[in-house]
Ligand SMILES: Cc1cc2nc3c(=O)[nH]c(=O)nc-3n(C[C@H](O)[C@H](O)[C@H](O)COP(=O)(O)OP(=O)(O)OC[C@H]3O[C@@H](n4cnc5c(N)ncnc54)[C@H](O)[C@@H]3O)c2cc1C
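The data below hold one chain only, encoded as structure tokens and taken in the form predicted alone.
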């Protein structure tokens, strides 16, 4: 009989866990609070455009990521050719001085990465189910975890649970959990110590082409309101010819101050910033805008490894970019793979 295993979160880390366990003797269920998969590697479609709102591409840290992407299928896989340049607090734009690596995406958006991983994994994905707490239970010879959603309805019993939401959300699940063990408090304290940056993304569409020599700008000194600006038209298949769609990710300070600003007002303010930064008055008047806020976008440090692995003998594991301290899709994914492999090895 296969062992029931729960993964909370269908972001890159959760998909990595499921992918690592695709041939193991587990009955894997992924609980995802949203209606999509991929976490911050999220894609939307509007007016003939595909656009990535959070993570913009996969930057391979080593050959294994490129090998993985190829193994998942090269149909629709694209590499962004144009470079990333920089801008500073004064708005001065400079050519990037780093050697350009591959910047992988898909013609229909970065969500394809998670979809292709889950297509290979033998996992059931329960969308629209937000896990609020755990309960450590014992029933005869069985000991494990019962999961409850936000209505306090039990959604299943599992011998192994892997929590992959951002650190503050994972900490909240543990705080509400019923588990009489000193490690719960220690885990909460360690996970709470991971600081996160808040990022708001604003999308600006124009019915004309923007002629610049770069794909994106990144604010190197982190003192400009625009932390990142990229052109979705540089990704094949994303934007119709003759149009431009800018992904503007604002600095944490700007994002926190304007996090709840309505879409149209946020769009007008950001369009003004972009028009000044790119010295193009036309950009102050986009023909449509969209937005997405990421309250817990990027971790600044990693969690204490010894503490976060302290409950593995109880079947409780953790994975995510905050576990490795790097807010990159590939880092979260490979951490999930590592945790999944560890679970499988322990099961043997």
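Positions refer to the first chain, counted from 1. Computed from a predicted model, the values in this text were never measured in an experiment.
The form predicted together with the ligand is left out here; the points below concern that form.
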property	result
Residue 144 within 4.5 Å of the ligand in the predicted complex, heavy atoms	no
Residue 294, heavy atom within 4.5 angstroms of the ligand in the predicted complex	yes
Proximity of residue 298 to the ligand in the predicted complex, heavy atoms at 4.5 Å	yes
is_contact(residue 38, the ligand) in the predicted complex, heavy atom dist at most 4.5 Å	yes
Of 187, 131, 204, 162, the one that lies within 4.5 Å of the ligand in the predicted complex (heavy atoms)	131
Among the candidates 123, 194, 199, 246, the residue which, in the predicted complex, approaches the ligand to within 4.5 Å (heavy atoms)	199
Option from 278-286, 66-74, 305-313, 40-48 whose residues, in the predicted complex, bring a heavy atom within 4.5 Å of the ligand	40-48
Within 4.5 Å of the ligand in the predicted complex, all of 89, 231 and 290 (non-hydrogen atom)	no
Partner contacts in the predicted complex for 4-22 (non-hydrogen atom within 4.5 angstroms of the ligand)	8, 9, 10, 11, 12, 13, 14
